[in-house]
Each structure stands twice: as C-alpha cells, then as structure tokens.
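There is one chain below, alone, in structure tokens, taken in the form predicted on its own.
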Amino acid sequence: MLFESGRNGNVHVTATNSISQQADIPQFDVGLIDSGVGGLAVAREIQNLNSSVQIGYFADTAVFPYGDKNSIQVADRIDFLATKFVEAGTRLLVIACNTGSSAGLRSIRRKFAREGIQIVGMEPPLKPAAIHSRNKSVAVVATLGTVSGQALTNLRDRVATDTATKFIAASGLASSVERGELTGKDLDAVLQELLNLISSDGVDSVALGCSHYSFVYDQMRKALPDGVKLFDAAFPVAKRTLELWTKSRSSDDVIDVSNPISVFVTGDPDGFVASVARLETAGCMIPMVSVNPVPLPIN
C-alpha cells in the first residue's frame, strides 16, 4: 500500500502490496522501531539531512501504546522487532521511542554486540534542558513507562545533578497524536494539565520524552509561558544516526535520490494511514511513506 504524503497537502493511496504472513522484509540502511506514528518525526529529520537513506520502519501499532506496558513486555517486543531487521541484513537500528529505549536498548545492544550492529536509542533531551535552565528547574514530559523507568532516573543522575528535575507523565497525549488528533477539547485539556504542572516550581526548561510529542511541539511551545524553553530529541537522534551511517559508507555508495520510508504496520494499516493523513492535514510535515501490513504475533 503506497501511501503518498507528498509534502503538498495531498494524500492518496496508489497501490496495494501486502507483505507475507512470515513478515519477510528487505535489508535497509536504517531500521527504525516505534509503537506507532511518533518515529516518523525522527525519520523525517533523517531524510531532511540525507534524502538518499533507505529507511525501514516498524510501526508496532498492534501493541500501542508501549507507555502503559511493563518494561519486560516492551523489552521483549523491541528485541523481537530488532531481530527482524537484523535477520534481513540491516546493520543500523534506531529505537525511535523513549519507552522502548528505556526498556530494551541495553539488552539488544548486548545481544547484537558481536555482530557489529549499531543501535541508536532515544532519551529525553534532559542535558540541554538542564544546561539552558536559568532557574535550575526543569521538567521532563514523557509517557508513564518512561517516567517510571530506571533509565530516566539514571539519566537525571548523570546529566542534571545540580538541577531540580520534575518527571511528568502526560496521560493520553501520545494516544491523541497516534489518532492524528491535534486539535479539540481532549487535547486542550491534556495540554492545560501539563501547563499547570510545568508552571509550578519555577520550571523554565522542558524536555519532551516521547517521539510522538514532536508532532505537538508547536502547540506546546505556544501554550508555555514566555521564557520557558522546549527541547525535542528527534533532530539529535537523526543527526547521530546519519553520523554512524556516513562512517559505514564510502562516497561511492551514496546516491542522492529520495526514497519513501517503508513502514511495516503490525496492526491496522488503514488506521495508520488515516492517522498520518490527519497529521498532515493538521500541518505536520510528514515524509513520503509506503505502508505495508505485516501481521506479527503479539508476544
């Protein structure tokens, strides 16, 4: 199913191409994993830096959201999907999900270390938020899974020891983005609740800890008081990915052509397409993607 998000506001399905029940996928330059549409923000930034990178993308909508699952479930799922990419020959993986990285990054790095697989994880941009905080008071807005995970606490202890850090679970925000609902009373209520929590304790710097939140960056920035800085991790993750990809290639390997992102949807592909269409209609920049249904067991 080739879903053309043509950067011109037009969305249309041009063909159907179902993948086999065995979920055979080809080799890619980069394999991205996320629970849904959120990782498209990272994929978009990668393509903005280099449009020739061939990107495969697991949108694991069959078990969305990762944020309300326990860490063992999420780690097992990340391992399962990462293995699919590695078995196909992909050598550079991106866990474009804070919850997925928090739960599963360490284990898959150990698993694939001997094979030389490079893996980029995603974590809230707490370090730049702390550096730029004048009041030394920052907030991390993330899913419940990320907020309650040990990885975020460890990150705070590494990079923000001199900063008061508030962890805020944004209940329902990722789900709103996953549905492509960037306007309406429900989203307004979520943002207002976040604003109330952020505005206390002199917080003047906010780190977004979920790839889905990239798509509501503008709404959050407008809602925050003047002087409060907002940080998103999509671009730094994309930049690191391109650094690793470039090191693994010779100049002769790079061909400057645009490639659609091959998205393998483990749940309802029509729902994914509809959500992405709504995001684009709402003004989000969406890269061109080819959407393929890939039924996978829910372990």
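Residue positions are given as counts along the sequence shown, with the first one as 1. In this text, all values refer to a predicted model and were calculated from it rather than measured experimentally.
This protein has a second form, the form predicted together with a small molecule, left out of what is shown; the following refers to that one.
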* Asked: Can Phe64 be called a contact residue for the small molecule in the predicted bound form at 4.5 Å between heavy atoms?
  -> yes
* Partner proximity in the predicted bound form: His212 to the small molecule, non-hydrogen atom cutoff 4.5 Å -> yes
* To do: With heavy atoms only and a cut-off of 4.5 Å, decide whether Ala174 touches the small molecule in the predicted bound form.
  => yes
* Any non-hydrogen atom of Thr146 within 4.5 angstroms of the small molecule in the predicted bound form -> yes
* Counting only non-hydrogen atoms, which stretch in 155-163, 90-98, 181-189, 215-223 is within 4.5 Å of the small molecule in the predicted bound form? -> 90-98
